[in-house]
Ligand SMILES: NC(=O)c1ccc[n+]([C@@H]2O[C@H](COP(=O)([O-])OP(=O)(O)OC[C@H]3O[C@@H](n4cnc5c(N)ncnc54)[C@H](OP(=O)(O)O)[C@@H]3O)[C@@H](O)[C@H]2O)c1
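In the block that follows, a single chain appears as structure tokens, in the form predicted on its own.
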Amino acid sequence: MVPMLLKNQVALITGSGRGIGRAIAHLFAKEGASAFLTARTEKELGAVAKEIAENGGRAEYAMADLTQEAACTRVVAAVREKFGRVDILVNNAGHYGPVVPVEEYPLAEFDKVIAVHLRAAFLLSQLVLPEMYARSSGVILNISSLSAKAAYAWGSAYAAAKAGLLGLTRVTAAEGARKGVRVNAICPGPVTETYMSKELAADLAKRVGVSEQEQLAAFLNSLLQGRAQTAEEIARAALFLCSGQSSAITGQSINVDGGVAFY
């Protein structure tokens, strides 16, 4: 039997009620991790936890709005109460925000997007790093985006937040490397099965005056592979970066984008 890559690990996965976070939670649990799920929708979290349990895995969850500092503190406390510690933190929660140019972007919406992507990742990292340092082991994985490295119109807050995550990744990796903690990021390309991607595609198609099918086909044609990525493919990359298989990798941003960005 092939050994499980995350046996006896505890993973806190944000934004895990659907999409990429859900796929990561399922795969991590399958590989032996106790998965703690958090998102804003309790019904989705309960469904994912139930699915994991039915497949023989361990999962608990807490509904939370991670733009709130108190909610971040409460979630980390809940993980420790249920599973005793946090070995792995996956910062995946987020949303795209308005599809408008910079000069029209509402400040309140800008702040909200920055808060859920970047500020929450910072707060959660602050909360788990001391215990990771005390054990001399731990992994943080930040889910960034192709938008952090490529130029696309009408998503300034999202691009800024995702680029900020790469800076946070490098700094945290530099601070944690000699203390046994690895920190990396994934930059996914278009994962068209997710709710966020479908909503974004509809908004972009409307803005440029084409059908959703035309807009998507044109975008996918710009990728070397000419196809979308799947949530499962992102989860597989996340598993690699959070397991001992990537023990010499830290401070990196790995593109899982079908061939778009090359740095």
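This one's a predicted model, so the numbers in the text were calculated from it and none came from an experiment. A residue's number is simply how far along the shown sequence it sits, counting from 1.
If you look for the form predicted in complex with the named molecule, you will not find it shown, but the lines that follow are about it.
> Quick check for you: of 114-122, 173-181, 133-141, 149-157, which stretch puts a non-hydrogen atom within 4.5 Å of the named molecule in the model of the complex?
Partner-contacting stretch among the options: 114-122.
> Would you please decide whether residue 233 lies within 4.5 angstroms of the named molecule in the model of the complex, comparing each non-hydrogen atom pair?
Looking in the model of the complex, residue contacts with the named molecule do not include residue 233, since no heavy atom lies within 4.5 Å.
> Mark residue 191 yes when one of its heavy atoms lies within 4.5 Å of a heavy atom of the named molecule in the model of the complex, and no otherwise.
Taking the distances in the model of the complex, the answer for residue 191 is yes, it comes within 4.5 Å of the named molecule.
> Verify the contact flag for residue 44: yes if a non-hydrogen atom of it lies within 4.5 Å of a non-hydrogen atom of the named molecule in the model of the complex, no if not.
Looking in the model of the complex, residue contacts with the named molecule include residue 44, since a heavy atom lies within 4.5 Å.
> Heavy atom to heavy atom, is residue 25 within 4.5 Å of the named molecule in the model of the complex?
Judged by the heavy-atom cut-off of 4.5 Å, residue 25 is well away from the named molecule in the model of the complex.
> Are 17, 40 and 196 jointly within 4.5 Å of the named molecule in the model of the complex, each by at least one heavy atom?
Heavy-atom distance to the named molecule in the model of the complex: all three under 4.5 Å.
> Just give me the residues of 59-89, first to last, that have a heavy atom within 4.5 Å of the named molecule in the model of the complex.
Counting only heavy atoms within 4.5 Å of the named molecule in the model of the complex, the contacting residues of 59-89 are 64, 65, 66, 67.
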